[in-house]
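One chain comes next, on its own, written as C-alpha cells: the form predicted on its own.
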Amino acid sequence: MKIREANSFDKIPVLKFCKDTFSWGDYVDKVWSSWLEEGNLFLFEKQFPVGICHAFYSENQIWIEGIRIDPNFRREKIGSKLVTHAELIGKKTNALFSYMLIDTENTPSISMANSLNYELFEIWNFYSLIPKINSDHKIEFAKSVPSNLFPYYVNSWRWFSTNEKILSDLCLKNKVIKSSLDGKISVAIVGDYKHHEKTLIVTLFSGSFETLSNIISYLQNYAIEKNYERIQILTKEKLSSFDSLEYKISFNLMKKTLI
C-alpha cells in the first residue's frame, strides 16, 4: 500500500471506479489531463489504484478536490489518508488553510471531513443558466468592489480568498459587472472554467430582484456573443425564480486551519 503521484497509465483503472460516482456519472474523465499537468494528483495503490485525490496549492491555502475511492475499498479510511498526505505537503510550503467542497447531502464525505477537523465554513448554492439572446439589461463594469461582498470568489470550481489587489485586478480586466437601482446592488465576477470548454463560471452577490435580473440578462447575452454553451453560477444566496435559471445543488464549503 502506498500513495504516489498518478500518471497517464492510471487513467483507465481510475475511471473504471469513477464512472458511477454520481447519478449522472462523473467529471474526472474531463479534468484528468489537466490535473496530471498541474501535478499533485495523488493515488492510493494496493497492487492497483483504489483511490485518488487532487490538491491545488496557491499562496497560503490548499484546495482539496476529486476524492474518489473504489467502492470495493471504502470504509478503509483511504480518503482520509489521501487528504492527510495532501495537507502534509501543503504545510511544507507554509499553507495556513485547507478547503474542500462537499454536497450538503453527502453524509459520508462530511463525516470524513469532520474526522479530519474540517468545519463547515459556508454554504454555497449552484445554479445553471441557459445562454440566450437577451439585450434587455443595464449593467456596468465595476471599477472597484467592496471586499466584504466577495471575501471569496470561484475560479474553475475552486474557492479563493480575495483581497483589494485581487479584486482590483479583476475589475481592470472587466471581469466584475454590477447593476445598481434604488440603492440596491448586484455584483458578479465572471471567468472561464479552464477544465471545461465553453463554460462560464460566475460568482454572484444578489442585492435585489431588479438588479439581479439585469445581471442574469447580461450573462445570457454575453454567453451567446462569446459562444459559451453553459453558464454556472455560484452564490451564497437563494436566488429568485427566473426563466432559464435552474437550481442544481447546495454545497458545504469546509475549512481547516493548519497551524
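Just count from 1 along the sequence shown to find any residue number. Not measured: the values here are computed from a predicted model.
The form predicted together with a small molecule exists for this protein as well; it is not shown, and the discussion that follows is about that form.
R74 is the sole member of R74, K184, K138, K143 with a non-hydrogen atom within 4.5 Å of the small molecule in the predicted complex.
Of the listed positions (A95, L170, M112, L149), a single one reaches within 4.5 angstroms of the small molecule by any non-hydrogen atom in the predicted complex, namely M112. The chain is drawn here without the small molecule; in the predicted complex, the stretch among 112 to 120, 156 to 164, 86 to 94, 127 to 135 whose residues come within 4.5 Å of it by any heavy atom is 112 to 120. Using a 4.5 angstroms threshold between heavy atoms, F22 counts as touching the small molecule in the predicted complex. By the criterion of a heavy atom within 4.5 Å, I78 is counted among the residues contacting the small molecule in the predicted complex. Interface membership of A55, defined by any non-hydrogen atom within 4.5 Å of the small molecule in the predicted complex, is ruled out. Interface residue remark: N174 is not counted as part of the site for the small molecule in the predicted complex, having no heavy atom within 4.5 Å.
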